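Below sits a lone chain in structure tokens, taken as the form predicted alone.
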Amino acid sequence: MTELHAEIKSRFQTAGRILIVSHVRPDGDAIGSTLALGLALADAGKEVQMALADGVPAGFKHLPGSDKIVKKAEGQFDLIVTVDCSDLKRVGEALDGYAHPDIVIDHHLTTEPFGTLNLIEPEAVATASLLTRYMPLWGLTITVPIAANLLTGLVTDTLGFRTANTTPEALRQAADLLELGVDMSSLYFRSLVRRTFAGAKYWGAGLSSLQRTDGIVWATLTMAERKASGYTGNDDADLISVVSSIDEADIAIMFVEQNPQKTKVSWRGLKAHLDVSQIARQFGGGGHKAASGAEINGSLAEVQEKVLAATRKALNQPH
């Protein structure tokens, strides 16, 4: 066992009250990793609080333990852990009033080492993959409910094991979790296939805005369209997965208006040599080589102009 893992194990063993948080607008890996680690520590006799600033989206409320997640931490803690979070500001209000994390566990390429102990492995397909690999090393048992959460993280961050960074280890981990008795077909359907009626209407608005030029395909979702559809989230309802499947494009982009002066941007690199995280970093964001995002101040039109210009410039650079 390396010194880092020995220290993480020791911190988990000696702490009585532990807080686990992840990023705003949580995806399947953020939620699954939070729940998996939280449930495992609770099984080990720890008092655990799990906090996500935006709560658990409706599409993930089927996950075991999701009802235990709160939006803001309360009380005192011996140990604070962030999972699947690339920098402290991405935690949002969940950690307001608390010190920096003691342990950071993440797999993003652009993650800053903002904890006392930092377990950051960008080659991992998901934070859930890191937890599947290391939780037994830390003396934590993976039960069926924990396995369901871990498998959700693996499935969602690899888009059903379709991303270019999917590894043999990730597939073996999925097989091991399945052997514990997890219903993978149900988790897959709920996480990647099922859509609400409002979400589908929201997609329709975004698809009607599709544009393509200079190797870039993009779509836009406005606040008015979100309201008209009845969609309650402030994300793109995973429309980026459709936009990034369009032929004859190198980069796919989604622009989602958050308010009149802020827009959320998601990039997907569709060619192996492209690193869209470097574009996102120009705007204070980050993520993975093939999938990154940023929240950018400015009107939707202003942000779109700046982002498209920066993306064209990145595409024109020799590789």
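For every residue, the number given is its place in the sequence shown, counted from 1. Keep in mind that this is a model prediction, so the values were computed, not measured.
Omitted from view is the form predicted in complex with guanosine-5'-monophosphate, to which the following refers.
- Contact check at 4.5 Å (heavy atoms) against guanosine-5'-monophosphate in the model of the complex: all three of Arg90, His288 and Ala294 pass.
- When guanosine-5'-monophosphate is considered in the model of the complex, only one residue from Ser244, Ser129, Thr158, Ser86 comes within 4.5 Å through any heavy atom, namely Ser86.
- guanosine-5'-monophosphate in the model of the complex is approached by Ser266, whose closest heavy atom lies within 4.5 angstroms of it.
- Contact between His108 and guanosine-5'-monophosphate in the model of the complex is found at the 4.5 Å heavy atom cutoff.
- Proximity to guanosine-5'-monophosphate in the model of the complex, taken as heavy atoms within 4.5 Å, picks out 279 to 287 from the listed stretches 50 to 58, 37 to 45, 279 to 287, 63 to 71.
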